[in-house]
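What follows is one chain in structure tokens, specifically the form predicted alone.
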Amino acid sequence: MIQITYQRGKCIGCNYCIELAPDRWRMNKKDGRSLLLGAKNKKGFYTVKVNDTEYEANKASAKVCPMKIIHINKLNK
């Protein structure tokens, strides 16, 4: 399992995360910021736990994010 954490308030809507991991990210048409699908919001930090198969795509998203607001953590089983 991996955990993806995303600080949505600082998103600039660059679309990189959506291009690299389209199964996990979508663009919100109302405010132009990315949505982390399946995530729960806690004080502006959106978090979701997903299967290891999503690791590479989301790690790439975190790496290219110009705001550095996507964080990926591998969880112990």
Partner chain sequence: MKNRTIEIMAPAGSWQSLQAAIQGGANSIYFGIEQLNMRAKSSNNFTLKDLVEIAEFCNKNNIKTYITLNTIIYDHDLILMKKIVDTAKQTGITAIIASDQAVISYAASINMEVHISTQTNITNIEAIRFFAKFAEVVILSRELSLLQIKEIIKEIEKQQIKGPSGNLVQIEIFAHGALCMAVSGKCYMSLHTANSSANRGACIQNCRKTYTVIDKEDGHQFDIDNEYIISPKDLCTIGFLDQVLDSGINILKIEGRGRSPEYVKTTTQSYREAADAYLEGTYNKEKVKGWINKLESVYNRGFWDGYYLGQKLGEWTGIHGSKATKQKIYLGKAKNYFAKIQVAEFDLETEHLKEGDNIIITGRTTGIIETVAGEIRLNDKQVESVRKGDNFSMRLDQIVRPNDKLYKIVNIK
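Residue numbers count along the first chain shown, from 1. What you are looking at is a predicted structure, and each value in this text was computed from that prediction instead of being measured.
Keep in mind the form predicted in complex with the partner chain is missing from the figure; the text below concerns it.
Undergrad: Whether C11 contacts the partner chain in the model of the complex should be assessed with a 4.5 Å heavy atom distance threshold; does it?
TA: Yes, C11 sits close enough to the partner chain in the model of the complex that at least one of its heavy atoms falls within 4.5 Å.
Undergrad: Can you tell me if K49 lies within 4.5 angstroms of the partner chain in the model of the complex, counting non-hydrogen atoms only?
TA: No, no contact at 4.5 Å.
Undergrad: So in the model of the complex, is the partner chain close enough to G32 to count as touching (4.5 Å, heavy atoms)?
TA: Yes, G32 sits close enough to the partner chain in the model of the complex that at least one of its heavy atoms falls within 4.5 Å.
Undergrad: Quick one: is M27 in contact with the partner chain in the model of the complex, heavy atoms, 4.5 Å cut-off?
TA: M27: yes, in contact with the partner chain in the model of the complex.
Undergrad: Can you work out whether the partner chain is within 4.5 angstroms of a heavy atom in all three of Y16, V64 and M67 in the model of the complex?
TA: Every residue of the spot touches the partner chain in the model of the complex.
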